[in-house]
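Take a look at this single chain in structure tokens; it is the form predicted on its own.
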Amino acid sequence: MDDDLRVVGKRVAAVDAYQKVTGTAEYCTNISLPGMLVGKVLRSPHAHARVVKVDGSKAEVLSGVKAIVTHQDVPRKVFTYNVMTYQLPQGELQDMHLFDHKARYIGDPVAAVAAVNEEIANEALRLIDVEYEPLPAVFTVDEAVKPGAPVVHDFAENNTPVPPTPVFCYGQDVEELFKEADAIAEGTFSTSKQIQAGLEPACSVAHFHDGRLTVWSQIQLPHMARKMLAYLFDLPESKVRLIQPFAGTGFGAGTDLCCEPYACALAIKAGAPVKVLYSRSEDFANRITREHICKIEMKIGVRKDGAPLALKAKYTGDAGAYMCKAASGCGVALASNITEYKFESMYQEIEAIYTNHVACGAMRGFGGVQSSFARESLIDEVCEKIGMDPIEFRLKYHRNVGELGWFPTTQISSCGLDECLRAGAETIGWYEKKALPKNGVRRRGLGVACMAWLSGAQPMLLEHSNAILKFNEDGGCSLFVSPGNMGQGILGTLAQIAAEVLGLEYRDINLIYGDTDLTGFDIGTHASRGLYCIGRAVKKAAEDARAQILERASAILDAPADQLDIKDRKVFVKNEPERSALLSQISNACIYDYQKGCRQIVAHATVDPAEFAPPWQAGFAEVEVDTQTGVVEVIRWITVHDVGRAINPQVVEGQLEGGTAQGIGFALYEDTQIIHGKLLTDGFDKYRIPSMLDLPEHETVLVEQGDPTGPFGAKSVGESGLFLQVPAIANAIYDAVGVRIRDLPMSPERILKALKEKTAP
């Protein structure tokens, strides 16, 4: 990799740091427009019911009420919150209506109101008369598939919109290979419906004026959200403008619509701006969360030397009331099993089933987190059976450069997993501590797990990104991009890439983003694609702009363009650096050329990547288990991440450290309780996420070997931070006390139950 980079690889402050620490950053929740109304949503109290009648006449005459919308006020169109449907040519299943004639979960929207203040809006909700015909409901996948079970959607036979379907299978018959195996490990695992738990609850503002709909949204995928809203309200896409201010939540929540359609419907009818802001309980109970409450059945077989033979898996996703991302989450979970190890054959199935609770969307680590739990736990089990160290197995049998990636047509472009494993083992003292005895009430254990993820979901999904660079008269540069801005540091790293290519300083790049009227099309931010995909577009545009600058400077300096370079805002002759011109002079001359040669330097680049550049990671946990209480304390956590190149190491470390907290929460604490379709854990007082006091001593180690396809060798980091805490902690618990936990969270009750079963005669 290049060693003479000036901006890339440096720890620079976030471009938006000043706005955030001074409180001047604008979020959806603090947007205030003249004449703005308060929007509220009326929700079904029933998990399953026909909506026989909605009468808003009493609410309409309440002073201060400006609009009431029901199914009669909006086009009856089938749609989905899941705007990622546009990334597939055939799309994903769409099964929703705005204000449908049937409620399918507690909280399903039935009507909405807009009023001059919150008190009047809430009173208007109470005055709307709704007649329901309650229906029997199903709350688990086992109930949903029983003969004669209540039907959630008429088109889905047996409540199974996605019947058992083989996906991502390769090789020979796995059952034949299992017969050859010297060791087999298998089990059924379950995961919980993790909540993104952002500091900012769901919020959207909409304004319909002069035939144009402007929407302020937390969405991570602005251009595709615009497409869905235009379709939903019978508007041309050019008549919909979507603005994403700072977003105080993300982690996948912004890959789906939430309150935007209701704000839009109210604004169109009221003829005034409307803000819909969910309460915390409303946010937890009605914003779609992790992609499925998942049951994973997995079986693996290996030879006595550890050689991986076969992997068989089935993922059953509890979709909830609407499909959204349940099926695609199961599919990506299966795809993520392919990259890691050299299994000769795989047979995998997905299945998705409707039940009567809130739908499932996306959460950081989409599908792959669940896969890692099952796969990495079973790898440790077979290693024990054949007497092989878990690290040695992973070193010997992971895939490498040029081998099969996550999708059948992909090849791995780089791999630093060996370095990750060795560095992590040394840092945590793997071989020394593994030899220590396990006794006493509080027992310590070590666990390891590995993953390979992706840098964008190509080639399965469309991954189209654009970047535009415009040089101003003073030599400064405006960069137009459209990532989902959730505070993950993407804006700064894109500016660093542009500045590096153009010989500018980081702060010379003026970022224009978050507005579909100004930016070129972009998928947005999901699948850890931001830096890899959008960064490639930025680098390509910057290289074009650089070529234009050198061409213009060639005439000024009387030297061929290929003999010129740019550094410190100057263009100079390489072998005669004293012959130079300021970038501001060149840029100004392009704009104010009185010899009729005016041409502002503007560069545009489009990318639609097809390459597979997986980040690799090894995670190491040291835990202490109290055998009397079942309490697990994570003593130390080590993340070693192959990032290719850290454009800003500070951003990469922050992503991984934040992911560590979420991963530990998923492993040990976060436990959504849905009883008879009602989410009971609807606030931070009931849904526990780790605090700073819960976090162990933790360390992040970066492996930087460069990827030939990434911008300056960079790969992704966004989702990777929370993949490995669950399996590594599970493996460490086993090392400490000899019990395998297959259900999340790994609570004290589950630990004690497993210990009791282990010692039972």
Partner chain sequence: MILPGFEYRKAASVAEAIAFYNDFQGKARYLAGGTDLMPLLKYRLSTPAAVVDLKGIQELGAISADHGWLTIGANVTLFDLKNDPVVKEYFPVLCQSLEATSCETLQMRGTIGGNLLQDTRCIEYNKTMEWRTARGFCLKMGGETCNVVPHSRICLSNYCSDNALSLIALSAEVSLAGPEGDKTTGLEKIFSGCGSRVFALGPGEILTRIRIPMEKSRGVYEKLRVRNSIDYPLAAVAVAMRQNGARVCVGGVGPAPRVYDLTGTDAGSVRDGAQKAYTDARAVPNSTLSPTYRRKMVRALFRRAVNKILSEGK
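Quick caveat, the model's predicted, so the values are computed rather than measured. Numbering follows the first chain given and starts at 1.
From this point on, the text means the form predicted together with the partner chain, which you will not see here.
**Student:** Which among 620-628, 656-664, 395-403, 499-507 is in contact with the partner chain in the predicted complex, heavy atoms within 4.5 angstroms?
**Tutor:** Residues of 620-628 come within 4.5 Å of the partner.
**Student:** Answer yes if any heavy atom of I675 is within 4.5 Å of a heavy atom of the partner chain in the predicted complex; otherwise answer no.
**Tutor:** The answer is yes: I675 has a heavy atom within 4.5 Å of the partner chain.
**Student:** Contact with the partner chain in the predicted complex for F684, defined as at least one heavy atom pair within 4.5 Å: yes or no?
**Tutor:** The answer is yes: F684 has a heavy atom within 4.5 Å of the partner chain.
**Student:** With a 4.5 Å heavy atom cut-off, would you call A14 a contact of the partner chain in the predicted complex?
**Tutor:** Looking in the predicted complex, residue contacts with the partner chain do not include A14, since no heavy atom lies within 4.5 Å.
**Student:** Does Q600 reach the partner chain in the predicted complex, with heavy atoms at most 4.5 Å apart?
**Tutor:** Contact with the partner chain, no.
**Student:** Which of R688, K269, H153, K570 has a heavy atom within 4.5 Å of the partner chain in the predicted complex?
**Tutor:** In short, R688.
**Student:** Select from the listed residues P45, P696, G64, G706 the one whose heavy atoms reach within 4.5 Å of the partner chain in the predicted complex.
**Tutor:** In short, P45.
**Student:** Any residue of 655-671 with a heavy atom within 4.5 Å of the partner chain in the predicted complex counts; write them all down in order.
**Tutor:** The one in contact is Y669.
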